[in-house]
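Considered here are two forms of the same protein chain, supplied as structure tokens in two stand-alone entries, structure 1 and structure 2.
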Structure 1
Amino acid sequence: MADARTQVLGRVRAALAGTAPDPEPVPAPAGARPGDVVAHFAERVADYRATVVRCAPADVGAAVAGALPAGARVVVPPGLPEEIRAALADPLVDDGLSAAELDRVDAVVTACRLAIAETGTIVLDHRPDQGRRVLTLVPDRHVCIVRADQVVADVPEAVGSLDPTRALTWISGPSATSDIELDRVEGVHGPRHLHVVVVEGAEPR
């Protein structure tokens, strides 16, 4: 006797027999795409309890420094631009730090690959300006820099822009989960604080 999984899949295959997939993408309905994707992203990611700051390129360093508590020990990936590093007080550059060493720092500052307006999601593909995945999971505060030209409208547009061979981390707000009583607990699986610096008017890299 077939198990339930086999039965379900058999019914799906039977229902699809003789049909041909439609290779054409389904266009979004009129009005579904936000007019200002950057403002939409800022609103959505703030809904997830992230702190959002919008600034000009000349103010990025100050905005990043302002997102860090006084005296915070900060780690950065090796490819973070020098103009941002220069705004930090003695940042620690990750050269393969252990999880225990990362647990002793207060915050991490990274760039990102892109951001999605519709879902308020930031995607990292762990290039040198973003660092290893563990770098953005262990420290309690993540300050992430998003250029306005990196914001796309929705998930299909994001997926079409990403390299499927790279490891990806998708972030929608600080780490949070709920227990059986639905009490929200933050910081269990990642940073408790997400601070997003949106840079408007920057030259694409």
Structure 2
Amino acid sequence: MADARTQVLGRVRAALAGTAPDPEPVPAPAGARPGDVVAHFAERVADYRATVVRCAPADVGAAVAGALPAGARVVVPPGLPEEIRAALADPLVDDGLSAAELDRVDAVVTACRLAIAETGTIVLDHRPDQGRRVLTLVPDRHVCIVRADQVVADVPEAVGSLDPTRALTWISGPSATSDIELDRVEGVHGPRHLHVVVVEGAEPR
């Protein structure tokens, strides 16, 4: 008897025998492009009950520190810009911490790859300024820094500029469930608090 691979592919071929070849792709319509993508992003991500702060480049450190409860134990990825790290009191730098160790940390501070205005989404591609996937997953509070020039208009623009060979995490608000009588509850397994610091002063794309 043929192996499973041969047989499944054979069944596919037989099922499609006589079928016209690939129809031409139908181009997807362009996404929405608001006049002020940064303001639109800030409004949309706040709509998911994320906390949003907009600040000037000089004030990023203070804005990040202000997003953290007093005495919070904070972890940062190894590539977080030095000026942000300097604003934090004695942060833990991730050097391969275990999930159990991260579970004892209160918050994580990271950069992002880009943000999507139309959907209020932050995308991480887990470069050194964003850290491993586990870093932004286990601690209960995620403070994410979004530069104005990282905000794109809509999903097609995001898909077009991301590298699919990297692991990607798209985040739209804090973790949420609507499984109990469709009442939305924030925070089931991922971070229960998403704090977005939008840094103005760079031109949006």
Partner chain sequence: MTGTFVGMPAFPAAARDALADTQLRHNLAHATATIRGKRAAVVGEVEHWEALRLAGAAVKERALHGLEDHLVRLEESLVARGAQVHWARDAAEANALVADVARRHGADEVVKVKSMATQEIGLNEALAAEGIAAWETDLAEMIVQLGDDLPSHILVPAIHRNRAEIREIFLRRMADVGRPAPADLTDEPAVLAAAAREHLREKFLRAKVGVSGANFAVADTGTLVVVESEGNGRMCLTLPEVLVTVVGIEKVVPTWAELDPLLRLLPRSSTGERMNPYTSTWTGVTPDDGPQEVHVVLLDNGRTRALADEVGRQALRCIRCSACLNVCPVYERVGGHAYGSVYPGPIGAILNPLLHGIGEGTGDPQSRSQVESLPYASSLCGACFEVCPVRIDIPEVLVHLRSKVVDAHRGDRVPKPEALAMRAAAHTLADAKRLGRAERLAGRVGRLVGRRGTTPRLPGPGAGWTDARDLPTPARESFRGWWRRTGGRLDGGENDG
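Residue 1 is the first residue of structure 1, and the numbers go on in sequence order from there. Take the two forms, superpose them, and find the largest set of C-alpha atoms that agree within 1.5 Å; that set is the rigid core. Bear in mind that the values here come from a model prediction, so they are computed numbers and not experimental data.
*Identity of the form predicted in complex with the partner chain, given as 1 or 2*: Of the two, structure 2 is the form predicted in complex with the partner chain.
*Does superposing the core leave Gly190 with a CA shift of 2 Å or more between structures 1 and 2?*
It does not reach a 2 Å shift.
*Arg13: how big is its Cα shift between structures 1 and 2, in Å, with the core superposed?*
Arg13 is displaced by 12.0 Å at its C-alpha.
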